[in-house]
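What follows is one chain in structure tokens, specifically the form predicted alone.
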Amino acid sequence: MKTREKLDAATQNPCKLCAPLGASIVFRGIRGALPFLHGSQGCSTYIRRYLINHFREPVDIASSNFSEETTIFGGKQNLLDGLKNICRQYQPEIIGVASTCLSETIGDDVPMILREFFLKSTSEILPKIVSVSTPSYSGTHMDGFHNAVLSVVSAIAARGNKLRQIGIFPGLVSSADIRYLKEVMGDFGLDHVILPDYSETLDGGPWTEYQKIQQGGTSVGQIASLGHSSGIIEFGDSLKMKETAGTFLEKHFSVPRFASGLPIGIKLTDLFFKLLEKMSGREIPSKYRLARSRLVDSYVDGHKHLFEKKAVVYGDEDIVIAVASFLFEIGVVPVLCATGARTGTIKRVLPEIASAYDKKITVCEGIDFEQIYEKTENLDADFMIGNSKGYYIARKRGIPLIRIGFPIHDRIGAQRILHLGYRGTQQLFDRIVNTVIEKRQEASSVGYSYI
């Protein structure tokens, strides 16, 4: 028992990733940008490994490369030298500097060091440099992601004549999701800026020669124009209690902000499309009405397979909330909903959703995968839904895992999984129904040719 208590005092295989990783994804979604981590080489190597395995694309992340001496006396000179090297070798349009646990712990003042860099480089044409504080001990990769978006917007957004343009902050979604959002906005006739946009930089075609910085991404000019957009849409239930890029634009530039959960499932997608109807002054295009109709029909077709099935949902707060809401729609009970974040969001939001369906569920935050494994022992779950880090639990428990979100490092095509809208919901619904059917077939002593 003492050994067990001692183990519980430490996190084992956390249900989250590090904050600079989230910031690096944001910077990879900006045109001509290069992520730069102020810390040890190991931090950039760890992050590159996760991003390459998920997106299956080359990922360069610079580092100030702390040594033992730097750790004691500070990394100022390493940062200055590193920025000079990056400017010379990559010629980026923008450099995104993210701090790490080490540089934050020793107290390096990154904004001050950057001011000194500009003062000493008056004769040179320098890129835009944006810094963001991302110590992992005070947040998750999602905190790093959203803080990086806020830092970029607060540093670049500018005033100007109002544009009939919508800004979208989608959060950490897939490259396919970003392409889908572009398609939807185009069908509504809405000019738009999506930040970040890594739909090409982290999901492109083959190269004839190596590109130091991949083509694509949101341009600096587009980011500046967010300050005079006619509206902002920001996805994420976890953002409602904190300052975000959207609240910054609303406060400092009087840009109306519309907050919404991730549009997964009919209910949340309906809200998103109604918002677009209001913003555009147009009715929903027929292709989306038909997609919704087909989705409703599939709910009816699959209901006999899914009613009262039990699921374990884990991952980032926003996707856990959206997926849990969707599961209730289709008759599945998300008996355990878990995240590694500690904001209180899922404990506030999910019980309210469950009560509307007269269901009781277990909601856990700040949890690691060993704790998730223990909590699944007596749940009799029919499937798990989340990222690849939970695979070993599914294997040990003998239940299937439906992979969504980030990271997915044991399958190909993670960047092409569509989660959002009627189309993404349709794909997820079909995967869930077929997973349940397959499990039933495999467990049967006689098998089924028809289900």
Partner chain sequence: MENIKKEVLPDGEMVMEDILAKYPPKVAKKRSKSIVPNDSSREQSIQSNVRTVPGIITQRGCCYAGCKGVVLGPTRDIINLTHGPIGCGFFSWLTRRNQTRPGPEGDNYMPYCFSTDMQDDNIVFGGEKKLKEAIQEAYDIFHPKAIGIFATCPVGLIGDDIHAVAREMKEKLGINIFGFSCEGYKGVSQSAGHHIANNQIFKHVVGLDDKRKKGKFLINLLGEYNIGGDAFLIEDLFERCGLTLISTFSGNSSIEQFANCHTADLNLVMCHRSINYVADMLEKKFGIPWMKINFIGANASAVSLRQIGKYFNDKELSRRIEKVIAEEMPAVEEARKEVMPHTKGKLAMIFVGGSRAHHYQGLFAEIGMSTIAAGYEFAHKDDYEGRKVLPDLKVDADSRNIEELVVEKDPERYKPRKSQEELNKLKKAGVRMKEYDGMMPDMVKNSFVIDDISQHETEMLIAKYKPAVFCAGIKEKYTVQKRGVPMKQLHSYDYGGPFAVFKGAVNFYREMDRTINSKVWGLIKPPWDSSPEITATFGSE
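Numbering follows the first chain given and starts at 1. On a predicted model such as this, the values are computed, not experimentally measured, just so you know. Here the rigid core means the biggest group of C-alpha atoms that line up within 1.5 Å when the two forms are laid on top of each other.
Unshown form predicted in complex with its partner chain; subsequent notes refer to it.
4.5 Å heavy atom contact with its partner chain in the predicted complex for all of V132, T244 and F272: Zero of three within 4.5 Å in the predicted complex.
Residue (of L379, A259, A291, I106) lying close to its partner chain in the predicted complex, criterion heavy atoms within 4.5 Å: Comparing distances to its partner chain in the predicted complex, the residue within 4.5 Å is I106.
Proximity to its partner chain in the predicted complex, single hit among K278, K360, K212, K162 (heavy atom within 4.5 Å): None of the other options qualify; the answer is K212.
Its partner chain contact at R395 in the predicted complex, heavy atom, 4.5 Å: No, R395 is distant from the partner.
Residue contact check: G231 to its partner chain in the predicted complex, 4.5 Å heavy atom: No, G231 stays farther than 4.5 Å from its partner chain in the predicted complex.
Contact label in the predicted complex: C18 to its partner chain, heavy atom within 4.5 Å: Residue-level check for C18: yes, a contact with its partner chain.
In the predicted complex, G32 touching its partner chain (heavy atom, 4.5 Å): Flag for G32 set to no.
Candidate stretches 50 to 58, 23 to 31, 397 to 405, 418 to 426 - the one whose heavy atoms come within 4.5 Å of its partner chain in the predicted complex: Every other range fails; the passing one is 50 to 58.
Its partner chain in the predicted complex - contacting residues of 351 to 379, heavy atom within 4.5 Å: Going through 351 to 379 in order - heavy atoms within 4.5 Å of its partner chain in the predicted complex - the hits are F369, E370.
Rigid-core frame, C-alpha of T208, shift of 2 angstroms or more between the shown form and the other one: Where the cores coincide, T208 still shows a C-alpha shift between the shown form and the other one that is 2 Å or more.
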